[in-house]
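Given next, in structure tokens, is a single chain: the form predicted on its own.
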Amino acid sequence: MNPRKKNSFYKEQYRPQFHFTPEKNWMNDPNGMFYFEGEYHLFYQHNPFGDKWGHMSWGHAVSTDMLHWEHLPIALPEEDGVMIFSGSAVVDWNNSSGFGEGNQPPIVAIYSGRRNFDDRQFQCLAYSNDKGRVWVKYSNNPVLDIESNNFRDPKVFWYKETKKWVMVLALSIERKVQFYGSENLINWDLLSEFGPEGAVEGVWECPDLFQLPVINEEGKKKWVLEVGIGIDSVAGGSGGQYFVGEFDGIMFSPDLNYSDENNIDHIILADRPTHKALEKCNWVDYGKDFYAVVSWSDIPKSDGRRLWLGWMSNWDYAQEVPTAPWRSVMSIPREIRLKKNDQKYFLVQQPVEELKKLRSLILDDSNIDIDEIHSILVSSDLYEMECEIVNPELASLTITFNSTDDEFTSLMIDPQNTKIVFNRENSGIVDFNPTFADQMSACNESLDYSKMKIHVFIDKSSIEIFINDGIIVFTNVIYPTEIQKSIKFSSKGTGIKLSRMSLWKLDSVWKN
């Protein structure tokens, strides 16, 4: 990034220091993420002209480590009355599209075009022959049009068994995902569709489909279909659910029948869902601020990770948050895998290893007794905490992140009710929207509450909490009026011990 711009941006009160944000103006969904020749590319829904949604175009940035980003010019601008909605990008290694020049494979972006005068949505292509710097829109766009106003967010990947590209698309108001196949990225045939299943109150958006290893079953892999839910997710507003199953190049088959008597039927507005019913879905995140998550394509086999990040905001209040001159932030990048508990597969998320480069150790301790209250002083508003909790009596425990005695954010672990509750009602500025201060909770009876791991990242205006190696995650923005000053552990029982406690100050990625 240009040093002059370093000094003019990234020093505002709530500007994140190790999360990606645009220099100014509006941002929402991550788009078109791919890796090529040492660079992670991140595109994103962007309004170049203001700090609220509109004039959707693809902003663009690149990084060698997913932490330090270089801003690049707008990649795909709104033109001729067509906005550039969400989509994906792939390296066309064999030049199946014919867009390539010379020996270098083209990069092909597949995105939803949105015609402004009637909201018609269709799928389009653009390509680059210079490592993603300059993009050319395909002259025969659109390549797929079913005459719908709710047909969007293509995620494309190569399925080697059938030697075809597969496109995953949302039929948003029908609460369905469609699968298309192509040999050249240009001509697409419908293969199958999935849904409605699980939580179907909110519109479906931003699907992703990929195969993951299972941590505790050596050699085992399963397929995961993730779908964004526009409203009425488990924490309220927008969120994401996922399904685990098999994919044969044509059809996705989930392991779990969501109309089984032991699980929910389709959640519909006529019978407004209770939180208990919503809990029976598989939720990507139990916070309010992790939406439109998408994974990077073309990560090298030598790396082998499935990596993703999400938009750290919520459609309930995204256009009202008290930040300027930018609005919205991306989550930290995460590695995702699966774990099997009680005959069911769970998605687990872990912060990427690259984040450790930002650490400076503040505290490393062990065997700390929590009789009633134990406080740890913090002198930074950018920090990472890891602790392991031993709780043989299954007593209630609250972890509080304090700015002042009256301003704090808390996580309450309630083993007796197999529940974890996140609360930001006293976290600082909360009155810009009536839903912002709502409590969030996760119930998981398969968790071992007697031994828990809590991993926390706090930035200027966000907190991300990974519980028991990421089986449960809470991602939330916060707007404290002062810096974080302490971490408090409060117990309502006896016998709780911090068997390990580590605390690191984190560097700003915009540091000169």
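A quick note: this is a predicted structure, and the numbers were derived from the prediction, not measured. We number the residues from 1 along the sequence you see.
This protein has a second form, the form predicted in complex with a small molecule, left out of what is shown; the following refers to that one.
Per the 4.5 Å heavy atom criterion, the small molecule in the predicted complex is contacted by stretch 151-159, the sole one of 396-404, 179-187, 409-417, 151-159. Only one of 242, 135, 85, 346 lies close to the small molecule in the predicted complex, with a heavy atom inside 4.5 Å, and it is 85. Checking 199, 206, 330, 109 for any heavy atom within 4.5 Å of the small molecule in the predicted complex turns up a single hit: 206. For the chain shown alone, residue 56 is a contact residue for the small molecule in the predicted complex, at least one non-hydrogen atom being within 4.5 angstroms. Using a 4.5 angstroms limit between non-hydrogen atoms, residue 315 touches the small molecule in the predicted complex. In the predicted complex, at least one heavy atom of residue 291 sits within 4.5 Å of a heavy atom of the small molecule. Proximity of residue 459 to the small molecule in the predicted complex: non-hydrogen atoms within 4.5 Å are absent; the residue sits far from the partner.
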